[in-house]
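Just so you know, structure 1 and structure 2 below are the same protein chain in two forms, each on its own as structure tokens.
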Structure 1
């Protein structure tokens, strides 16, 4: 019985409200909220177990990084060719995590629907889908796209794809799956009543991807389709080079379980996690966990020692996910305090200080026996849309997208005026080399905003 379940969880205050028949508490909503969540886990979290512990940063050193310059070296050819071969054989899936709440951007819709392209205003989802389509065409084999949503945005996300005819992808190659949710709690460990009559829940973080892949049968689907490798990326980065063959090849040929792309931090104080080697294991050290000594450490040449910023782009072996999710191993839960719109026991709207629990995908890195870290240039591959204004905003992202495409045109001899915005469809070119094949059809000079479809 529901009241009993709530009491087992130490949530007598909600059980009591149900018993007294308070009109603002909806039994069906609370049942829905608690269905599918692990009751022992929730109890343990409210008791403070399974929480992330700051790593003791004693044996720390920079992780070996394959430098960005490697991509132009003759040695890169073998790895790139191997990556392309895996794509041709249909061994690679793309996976975009899009279950977040996008609270910094402050929109009431899935982040993927936000228009970000500099000239056409194409949405993040459209850009990603077109890249996957272009990749599939290029390698003569469909790359399946897995889209992780949350309970809050699943229906809208599906409707957006359906409403746009899947942006040209075959719907049979697109798989939506919903991540888990967890109840947020007050600082005293009590569940919070939402304004919708249920509990205030939050998605369980991008680390929830792993369990959600298993729970929703996606690992089986992948196995049945012969997928061995998963290219993982976040919905908010329109510059991501989806299924970059060099990255796939480096990771796969070296037998890595999980690998990462890194970008140079813009400065010591950029609030981004870095990838380092801690006690012999590759892991992300979050900005907030770095001591000043570590944050400002210099190498022998006087340059930033821990510069390898996590871009949240990973290759993950399917069987690594299977072994992690099939074992008792858990990703640690991070606690984040925030203000929660809630109802007080009399049903009045209030704001309470609460805690949400989330797991992070990068906490799986040290669990992999082997990991490759590849540097890529920020201006080529990383322009996330996180904030409304300022750093990592729509504006900075649009400028970076336009700048990259302008540089391709300029390198191919096109004269481009300084102020024009440039956008090249992923269906035309995923990289400069694709555009080079069409150089004859390009204008000699561009002096206004242009979209090359």
Structure 2
């Protein structure tokens, strides 16, 4: 009985509303909310268990980083070749985290449908799908794409892919799965009644990707298909180099459980977490957790000591994910206070101070026995679209995309005017070397906006 389940969770206030027939409480919504969550976990979270404990930042030093310059060195060839071999053998999957909405970008739709390409306005989803398609063609083996959605945007995301014929991908190679949800609670540990008649639920964070892979059967699918490695990235970065063979090879040959790409911070005060070594373990230290002494620390040459900014791009072994989701080991939950739109006991709209629980994918890093950290150039691989204007915006991302493609053309001897916007389809080139194979078909001079399909 629903009321009894609520009382077992210490949520008598909602049970009483159901018993008295309060019209603003919808039994069907409450049942749906409770059905999708782990009751024991919710009980333990409200009791303060499984919560993240910030390590004392006393034994901290910069993490060893493979520099960006390594990619052009002779030694890189071995790792790149190994990554390409894993792609040819079908051992790698791409995983995009796409549970967010584009509300900050001015649309009421999944963020992945936002048009970001500088000339054609292709959506984030299309750019990522075309990269996966090009990668599959290049290596002669389909790279499966796993798309993590949310309860709010799952149907819209599936419809968007279907409405665009999966952007050329075989639908059998695209797998959608839904992120987990958790109820928010008041500071006193009581569930919050949403203005829609159910519980106020929040996504369980990007760390919930791992549990969702297991819950939705995706790990079984990966195992059946022979997938050993997962390339993880977030939907809002159109410059991401999906399943970069060098990154795959470095990670796999060194037996890492989870690895990361980093970019140089733009300055001491850029609000991005950094990857560092804390008490001998690789982990992300969030900007808000850094003391001034750490944030402004200098190395022996007077340069920023902690510069390795987290780009949210990772390689993760499938069996490592299985170990994190199939036993007593779990990612810790972060506790965040926020104002929550709710209903009071009389059904009136109010705002209450509440707590949401979420996990972060990077908290798996210190659980891996080995980890590789690879530096990449921001202008080549990191142009997130988080805001409509200003920093990390649609405008800045489009400029960075155009500049990258412009640099490819210039390096290949094409004269490009200073004002022209350049866009090169991923189906033509994933990198400059791919474009070099078509150099004879390129124009000698470009003096207007151009899309190269």
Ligand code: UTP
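What we label the rigid core is the largest C-alpha set whose atoms superpose within 1.5 Å from one form to the other. Residue numbers count along the first chain shown, from 1. Note that the structure is a prediction, hence the values are computed from the model and not measured.
Peer 1: Of these two copies of the chain, point out the form predicted on its own.
Peer 2: Of the two, structure 2 is the form predicted on its own.
Peer 1: After superposing the rigid core, is the C-alpha displacement of residue 270 2 Å or more between structures 1 and 2?
Peer 2: No; that C-alpha moves by less than 2 Å between structures 1 and 2.
Peer 1: Take the rigid core as the frame of reference and indicate whether the C-alpha of residue 9 shifts by 2 Å or more between structures 1 and 2.
Peer 2: Yes, the C-alpha moves 2 Å or more.
Peer 1: Under a superposition restricted to the rigid core, does residue 71 display a Cα displacement of 2 angstroms or more between structures 1 and 2?
Peer 2: No: residue 71 shifts by under 2 Å between structures 1 and 2.
Peer 1: How many angstrom apart are the two C-alpha positions of residue 103 between structures 1 and 2, if you fit on the rigid core?
Peer 2: Residue 103 C-alpha displacement between structures 1 and 2, core-aligned: 4.9 Å.
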